[in-house]
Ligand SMILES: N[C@@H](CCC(=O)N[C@@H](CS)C(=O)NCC(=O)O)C(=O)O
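Just one chain is shown here, as structure tokens, and it is the form predicted on its own.
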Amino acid sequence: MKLLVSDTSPYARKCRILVHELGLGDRVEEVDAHPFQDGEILLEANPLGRVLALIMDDGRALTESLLIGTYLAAQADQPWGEDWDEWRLQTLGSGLIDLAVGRRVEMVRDEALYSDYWIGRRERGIARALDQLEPEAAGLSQPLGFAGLTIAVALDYLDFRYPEANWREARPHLIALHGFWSQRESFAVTRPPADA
């Protein structure tokens, strides 16, 4: 299998961590596929031109981190996230990533094209999601699961691209969840380059 990734994509990072955690490193080859370069391998796997994509052994491709993560877990015979609460929190964590990435895209546009409305809307959504996730993080039955992983990757992406969000303030449960994942080798080896 080939996993088409970008070093800075939190969606790709989530699945790269899963490959490591599920012991699939010998079955999954990572292929760098910068989304803005419209490389042939990426566009063939994902006509939307977005990272990430997993090219399965039969040549078909899966897109979207939740689908790919579920497929990878099935390949390892390790069902992660089988209960509805796990899925609910995973989806909220994915939405947090979506807002943070959307904010980042807006911030790297030409300054004359900035939209204060969209930046502010995403920032308010990020704050609301963090507030909702804080008490939920304390009740995660298993931090080593899709929900915990997704939330931790989202928090790390905020550190990387939006540190002024100050997500740690008055959020000890999210700090603990992030700390749990930060100590794992899979989290360290997939961290984006500081200068990216």
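Counting begins at 1, following the sequence as shown. Only a predicted model underlies this, so the values are computations on that prediction, with no experimental measurement involved.
Just so you know, the form predicted together with this ligand exists too; it's not on screen, but the next bit is about it.
Chemist: Quick one: from 51, 152, 28, 140, grab the residue that has a heavy atom within 4.5 Å of this ligand in the predicted complex.
Modeler: By the 4.5 Å criterion, the partner-contacting residue is 51.
Chemist: Spot the stretch among 158 to 166, 144 to 152, 60 to 68, 129 to 137 with residues whose non-hydrogen atoms come within 4.5 Å of this ligand in the predicted complex.
Modeler: Flagged stretch: 60 to 68.
Chemist: Can you tell me which bits of 13 to 37 touch this ligand in the predicted complex, meaning any heavy atom within 4.5 Å?
Modeler: Contacting residues: 35, 36.
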